[in-house]
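A lone chain, given as structure tokens: the form predicted on its own.
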């Protein structure tokens, strides 16, 4: 089978490597030259609105998917018209691009989120802050990831600065959540409705960028896992979904509030490549190709650490017992995800020394140590 993928970053790269194991051919389409996935699979580099190139790309493909949300919806609809197996469907992509639309959709399903308010004028911002109080979080509705497009307002003076920063963009204001920790659920649904759920993952961020994921999340109760799976099931059924879905939650006093959702494979699921029976990338491909889904069961405990801006010396990384290194073939620049390492062990406690060494090499030990 031939699978087309819009976007060709590291998520696509890992998807291609998973696909080869299943005998699948992956072909990528991107407007970004020197993409990570282009090093491992055929890649068309052309504008995302080039109708002729898109039609040529779609020819002969058995399924089409995407590895990032910022695909023009018109492009997705054009390809879906050419290939009915465009998954997840274009309406899902459209919703994933807009934080306000997401929150309204979740509210319609009775899934709890932080208090949110649409903001398009300064008066609406002030009225919203009267409801949320301080602190509050102001976010752009679109184009936000890795901490971009959002600001925490801690006092009235911050509102004026944030309004200037927003530059007239449609916004959503959210009540600040004093959470216990951030967790995520990666799940997959096949074309026939079959579903699998990975264990909740504990995520730690620095400057809005994911630095560490622990899976399964320590001290996670069966009740919390079931709560997350119930939320995902409602989303799956409402959207007639196929593929991997990731939901980011705030855990607070034994309950879950949805922060955001991503209709794709996700950084917090990278541990599944080495630490689960079936990776999120393989299950995404199985789902959209109507193949049986694989087991999401963990093989033990995993700790995934992102390499941001620079890559540690590979020799030093490989000296850490139980560590699996994944590099993305990308040039270094500040804030860029260049690779990750996944430490696999029987438990987090038995691998604590190795994990602290990994965090040290990744340059985030002091920030992260308290959360481990």
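Numbering follows the first chain given and starts at 1. Being a predicted model, the structure only gives us computed values, none of them experimental.
One more form of this protein exists, namely the form predicted together with another copy of the chain; it is left out here, but the text below deals with it.
A heavy atom within 4.5 Å of another copy of the chain in the predicted bound form is found for one listed residue only; from 34, 319, 31, 56, this is 319. Checked against another copy of the chain in the predicted bound form, the residues 43, 48, 40, 61 give one hit for a heavy atom within 4.5 Å, which is 40.
Taking the partner from elsewhere, no residue among 219, 231 and 266 has a non-hydrogen atom within 4.5 angstroms of another copy of the chain in the predicted bound form. This chain is displayed without another copy of the chain, yet in the predicted bound form the stretch 288-296 from 288-296, 67-75, 124-132, 200-208 comes within 4.5 Å of it by heavy atoms.
Put simply, residue 21 is close to another copy of the chain in the predicted bound form: some heavy atom of it is within 4.5 Å. In the predicted bound form, no heavy atom of residue 237 sits within 4.5 Å of another copy of the chain. For residue 333, no non-hydrogen atom is located within 4.5 Å of another copy of the chain in the predicted bound form, even though that partner is not displayed. For the chain shown alone, residue 361 is not a contact residue for another copy of the chain in the predicted bound form, no non-hydrogen atom being within 4.5 angstroms. Residues from 318-334 that approach another copy of the chain in the predicted bound form with a non-hydrogen atom closer than or equal to 4.5 Å are 318, 319, 322, 323, 324, 325, 326, 327, in the order they occur in the chain.
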